[in-house]
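Take a look at this single chain, the form predicted alone, given in C-alpha cells.
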Amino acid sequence: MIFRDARERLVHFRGDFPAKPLDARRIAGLLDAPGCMRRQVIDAASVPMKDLAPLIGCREPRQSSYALQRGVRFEQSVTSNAMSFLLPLVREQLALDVREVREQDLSTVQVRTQFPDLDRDALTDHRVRTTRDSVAQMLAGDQRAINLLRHPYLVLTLGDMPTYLEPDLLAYAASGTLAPIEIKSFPCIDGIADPAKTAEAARQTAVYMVALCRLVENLGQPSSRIASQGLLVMTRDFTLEASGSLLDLRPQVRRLERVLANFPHVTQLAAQIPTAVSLPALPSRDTSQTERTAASAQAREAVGALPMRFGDGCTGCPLLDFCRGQAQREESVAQLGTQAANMCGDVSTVSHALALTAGTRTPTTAAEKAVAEELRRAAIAVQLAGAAA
C-alpha cells in the first residue's frame, strides 16, 4: 500500500478506531515513558487510550460518575458569583492585585452560544485567535484588560503536529505576572492534599505553562512575564469550599521541554508502523462476542507491531499490562527495570545474559563482555554470601 504522506500512514494505522485529540493529561503522560515509539505513534495517531487499553486486555482506569459530577459542581461554585471563592486565593497565593473581576469565557459552550453559525474549524480558530488577542492585551499593561480568562485555547506543537489545550483559567494583574490556575475537586484535608494527585495536577499544569510560554514568546514578550508557579484550587476538607496551593512548575516544565524537543517528526513515526497493521473499529455494546474477540486480536496485533521501550516509568501508562506481558514473553531484560536494561545494553534478553554468565555463550561485543564480567562478579558475591551464612 502506498501512502501520499506520513500523516496518511498514521490515519491508516488508526483505521476505523475513533480519534480523540490529545489533551494536557495525555501530553503529560509522555513524561512517564520518554522515547517509547509505541506510545508516540499511538499519541500522534490520536487514538483514545481509554478505549484502546481495555480492548487489548489492560485494566481500564475508571472514574465514578459521582466524582465527575462533583468536579463540575465544584468548578461552577469556584467561578460563579463573580468568582468570590477564587479571588481571595488569587490575591493571597499568587500575590496578584486583582480588585475587580474582568473575565472572559472562551469555553466551547459559551463561544458556540455567541456564534452558533461557526463550524468546528472556525470555532477552533476563533478561540485560538481570541486567546492570543486577550493575552496580548493583558501583557500590554492595559489597566482595563481582562484579568481572569476562562478556558483559553492554547496551541502546543508535538513533533510537527499542533495540539489544542484548554486550561481552566489564566489570572493576571497589570502589576504582576500571568499565571495558570487549575481546578481539581479532590480534597485538601487540614491543609494536606494527596501527593500523587497533586503531582499529576502539577504535570498537567506544566503542559499549559509550556504552551503559554510559547504564546508569550510569539508575542515578543519575555518569559519572565509568566509566573514560575501555578495555582491549584481544591476542595477544602470534604466541602465544596475552595482551598488553594501553589505548584512549583519549573522542574516539570524543564522535563517536558526536553521530551517535546526530542519528540520524533511524523515521518519518523510513520516509518515505524508496519504497512499491514491497523486498528479495528471500536466494538459497540451490540457487538457479538465473536466480533469483539476478533477486534481485540486485531488491536493486539497492531499495537504489538510497534516498537516499545519498556521501563520503570511505564507504571503510569494505560498500556502497562499489555507491554509487560510482551516483555515477559520475550524474556526482555527491561522487565527487571530500567537500570538493568541500561546496564545490559545490547544484551536484551534474560536467557542471553544467563548464557553469558554460565559460559555457554562466548562474549564477543563490548556489551556482552561487560555483562558477562558484571554477572560473574555478582555470582561470586552470592556464593560468598551463602558460604558466610
Partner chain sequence: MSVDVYLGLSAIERGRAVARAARRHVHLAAEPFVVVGYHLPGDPGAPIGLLYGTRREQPTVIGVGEPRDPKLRFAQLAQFAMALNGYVAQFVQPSASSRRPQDTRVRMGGPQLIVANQATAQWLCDLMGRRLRYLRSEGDWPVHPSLPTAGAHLSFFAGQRVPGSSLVLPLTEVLAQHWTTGQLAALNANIASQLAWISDPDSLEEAERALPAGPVPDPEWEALELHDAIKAYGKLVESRPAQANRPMIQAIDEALRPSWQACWHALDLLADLPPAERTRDRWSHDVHQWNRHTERVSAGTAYFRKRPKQLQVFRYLTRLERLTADLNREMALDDPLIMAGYVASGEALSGDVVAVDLSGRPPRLQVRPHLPFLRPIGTDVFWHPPQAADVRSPGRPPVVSLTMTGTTTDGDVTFNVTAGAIQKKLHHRLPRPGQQVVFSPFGPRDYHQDTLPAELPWTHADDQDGER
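Numbering follows the first chain given and starts at 1. Please read these numbers as outputs of a predicted model, since none were measured by experiment. The term rigid core refers to the maximal set of C-alpha atoms that superpose within 1.5 Å between the two forms.
Absent from the display: the form predicted together with its partner chain. The rest refers to it.
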Pick from 277 to 285, 297 to 305, 212 to 220, 185 to 193: which stretch has a heavy atom within 4.5 Å of its partner chain in the predicted bound form?
185 to 193
Selected contact from Y172, F310, Y153, Y208, since only one has a non-hydrogen atom within 4.5 angstroms of its partner chain in the predicted bound form
F310
Using a 4.5 Å heavy atom cut-off, which residue among G345, G337, G57, P363 comes into contact with its partner chain in the predicted bound form?
G337
Heavy atoms within 4.5 Å of its partner chain in the predicted bound form: does M49 have any?
no
4.5 Å heavy atom contact, A370 and its partner chain in the predicted bound form
no
Heavy atom of L10 within 4.5 Å of its partner chain in the predicted bound form
no
Close approach of I380 to its partner chain in the predicted bound form, 4.5 Å, heavy atom
yes
Interface residues of 344 to 369 toward its partner chain, as seen in the predicted bound form [heavy atoms, 4.5 Å]
C344, V350, A353, L354, T357
Q69: with the rigid core matched between this form and the one not shown, does its Cα shift 2 Å or more?
no
